[in-house]
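Take a look at this single chain in structure tokens; it is the form predicted alone.
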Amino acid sequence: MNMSDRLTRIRESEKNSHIETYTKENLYDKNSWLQKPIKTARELIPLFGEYKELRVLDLGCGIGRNSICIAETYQNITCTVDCVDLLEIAIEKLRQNAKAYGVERIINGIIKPIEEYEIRQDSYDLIMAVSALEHIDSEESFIRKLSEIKGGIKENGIVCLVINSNVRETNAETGESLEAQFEVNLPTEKLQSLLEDIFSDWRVLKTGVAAQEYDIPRNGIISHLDTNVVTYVAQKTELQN
């Protein structure tokens, strides 16, 4: 099977899985995995408290788990949050959520694959990609996008990356091994080394690896995922010797 067929199959599987999840769960509902922004995003939000203008990019934004909270926090300044996702249902629900939380003028929903979204030089104060970059179409595009993200950050801006690595999938009922439905599935150490190399001249604010496992609906079955989640947060600022 060629790479094009594999990409089509994986993206169709992911689309169906997310449609099922987004249909059943609402943003910030109690007892949902969407009940609040991820911890790392919550930690970053106060760092922009002195800004008069703020521009944010959320790659793989979903229905707004992280971006809606940022928009709410900074709705009284000049703030724009560009939200990119491949799935129409994600952007549709993002826009509904933005309206429900009174931040529709701040949230800019964009339906596009991450690899096709052009990040202009020095254009964002914060770029987030939470469980998103591993769904870029190839490892080569993944590496190019990391460099593009780096170039897109303004002076003193921050990049927040949360990326699955070394993903294993099994049938939750039978234990049968399944193909991991991730376009890019790097070994953990390779991913960490890549991030360290690309952002070597930046100040690291947070880095770490957390083993996680969870079940998701996948092609009519429940798939059990084991993954090493790599978190990498860095700031574009002059390093002090």
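Quick caveat: nothing in here was measured; it's all calculated off a predicted structure. Each residue number is its position in the shown sequence, starting from 1.
The discussion below concerns the form predicted in complex with a small molecule, not included here.
For the candidate spot formed by G157, I198 and K236, no residue has a non-hydrogen atom within 4.5 angstroms of the small molecule in the predicted complex.
When contacts are judged by a 4.5 Å heavy atom cut-off, T80 does not count as touching the small molecule in the predicted complex. Although the partner is absent here, P113 lies within 4.5 Å of the small molecule in the predicted complex, judged by heavy atoms. A residue is said to contact a partner when one of its heavy atoms sits within 4.5 Å of a partner heavy atom; H135 meets this definition for the small molecule in the predicted complex. The closest heavy atom approach of R11 to the small molecule in the predicted complex falls within 4.5 Å.
Residues placing heavy atoms within 4.5 Å of the small molecule in the predicted complex fall in a single listed stretch, namely 55-63, out of 185-193, 199-207, 55-63, 171-179. Think of it this way: in the predicted complex, the small molecule has a heavy atom of just one of V167, L87, I143, I119 within 4.5 Å, and the residue is L87. Checked against the small molecule in the predicted complex, the candidates Q96, S123, N108, S131 yield a single residue with a heavy atom inside 4.5 Å, and that residue is S131.
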